[in-house]
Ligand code: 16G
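First, one chain by itself in structure tokens, the form predicted alone.
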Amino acid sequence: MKEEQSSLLLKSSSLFPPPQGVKLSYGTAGFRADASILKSAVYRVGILAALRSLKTQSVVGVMITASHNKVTDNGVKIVDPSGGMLSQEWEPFADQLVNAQTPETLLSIIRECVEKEKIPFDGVQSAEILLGRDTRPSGESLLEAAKHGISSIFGAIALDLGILTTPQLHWMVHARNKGMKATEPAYFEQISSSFRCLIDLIPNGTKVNKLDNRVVVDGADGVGGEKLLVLKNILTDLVNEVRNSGKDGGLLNDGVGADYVQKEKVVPRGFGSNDVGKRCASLDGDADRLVYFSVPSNSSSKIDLVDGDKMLSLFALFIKEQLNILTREGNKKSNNNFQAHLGVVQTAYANGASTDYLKQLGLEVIFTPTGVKHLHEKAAQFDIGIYFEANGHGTILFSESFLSWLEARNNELALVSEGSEQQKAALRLLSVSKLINQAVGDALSCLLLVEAILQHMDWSIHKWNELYQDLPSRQLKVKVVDRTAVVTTNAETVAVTPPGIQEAIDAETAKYPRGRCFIRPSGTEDVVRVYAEASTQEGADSLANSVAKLVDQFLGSGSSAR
């Protein structure tokens, strides 16, 4: 590293001293904390992004958001060249970089990384970083800190794309590295045209009631609400109304949004008895999660929730149907056949009823540890891999080899049987691959896909919700002194340590019809999480409480569950 580069890093880093007594850790959400203590971390993530871009010789992204957290929080994360999350191999380096206490220590860590990763750090190679932020008031100043970090690396250029949803930035990084147009208008054009194609391919016999085919959306008073208003103008017959759009002075994520609706199972602010019978949906603060709900006719504030598990089931059902059409007997005359490997990926938190339903469809269901990075990696191993968490975050991944075959098959069918059911099925799958965000869960693209499939099926939200009945469940947290005392295996469903605790959990679970229970240590706080299911709510509550007491007993926390 040249002396001029070292001097620049020492000088610029002295402007962004780290907060005393604070240690940050890079996780699925990147770094996230109260916005008032994040400037140093965001500055250093700017440096990290520049190094990552130099290493990969590709465009990377930096997104400033705290998603569904309260408005006073903020966060920062890197988007890798694929459009996915930062490589897990770089997470420890991110932690070291952000927690370095002096400019000299920071410089030493950067030098070690440059040497270990063989980063071309000669000032000749260029780095390009796309920047985005959500609508939080703290976002603008944190964005400036990121720019300072990026500009402290010779050859690194920051391109400020302004206010975006998190999935939009992921999409743009992915598109830029594929040589495609990476702008917000290009994003809207791709998802809206793909949606229109799916609508045009709805079977002729399907009765579409326009009054029932419009959805009312809660925008969480965040960036998603703003962007949905843009989409509403492009697709005028899609969204009936956007509430909590961020334009009416509401507070971000305060009694609104997908996270609130999914966890509390109550109507968000701005919804009530006037919405009985309507199809409603909620985005989260940065629009990477989506859940649907309907307001029941009683006076309670409770809702009928349609969560990520139900969305996964709807998508799986539709895609399986299109694959079946493509492989019908008459289609086998082609010499261009491809047995697509369709798989579904869930975590242990997926409701057991959803897993049973998917298996009844004949689908392969794989489980991974909690966390999008695990789900995404496993889904990418299929020709078509679908993953969703119950919180409404997920997507559908299509392999390059399958898409190449599908394009060829569609061209072949266009020549010999244009307009046939097989060709329509091929076109639907191609449209889904362009509509759904291949980089990350995207509430806007998922909303369009749900709406297109419901119209295709001629289903109401109630019909969709009746695919299966969720098993009653309960989640608890138990405070412990050392959460690392719990070690799990089998996608976090079996506790290996402390010795004997799994046998005790199994014995307790066996007492309840359709009982299922597991424990796992939190990744961010000193608690052990307990998840329980049973055939009744009373049973699920009782099982969760009993296992929480076992955790307390085996770990000696001396603390009650909550």
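All residue numbers are counted from 1 along the displayed sequence. This is a predicted model, so every value here is computed, not measured.
The protein also exists as the form predicted together with this ligand; that form is not presented, and the subsequent description refers to it.
*Asks:* In the predicted complex, which of the stretches 366-374, 249-257, 300-308, 412-420 has residues with heavy atoms within 4.5 Å of this ligand?
*Replies:* Residues of 366-374 come within 4.5 Å of the partner.
*Asks:* Pick from Val344, Ile396, Leu142, Met85: which residue has any heavy atom within 4.5 angstroms of this ligand in the predicted complex?
*Replies:* Here the answer is residue option Met85.
*Asks:* Give me the residue from Arg520, Arg516, Lys39, Lys55 that has a heavy atom within 4.5 Å of this ligand in the predicted complex.
*Replies:* Spelling it out, the residue with a heavy atom inside the cut-off is Arg520.
*Asks:* Should Glu389 be classed as touching this ligand in the predicted complex when contacts are defined as heavy atoms within 4.5 Å?
*Replies:* So Glu389 counts as contacting this ligand.
*Asks:* Can you tell me if Ile505 lies within 4.5 angstroms of this ligand in the predicted complex, counting non-hydrogen atoms only?
*Replies:* Looking in the predicted complex, residue contacts with this ligand do not include Ile505, since no heavy atom lies within 4.5 Å.
*Asks:* Answer with yes or no whether Leu51 is in contact with this ligand in the predicted complex, where contact means some heavy atom within 4.5 Å.
*Replies:* It does not: once this ligand is placed as it appears in the predicted complex, Leu51 has no heavy atom within 4.5 Å of it.
*Asks:* Just checking whether Thr28 would be counted as a contact of this ligand in the predicted complex - the rule being heavy atoms within 4.5 angstroms.
*Replies:* It does: once this ligand is placed as it appears in the predicted complex, Thr28 has a heavy atom within 4.5 Å of it.
*Asks:* Taking this ligand in the predicted complex, which residues along 47-77 bring a heavy atom to within 4.5 Å of it?
*Replies:* Heavy-atom contacts within 4.5 Å come from His68, Lys77.
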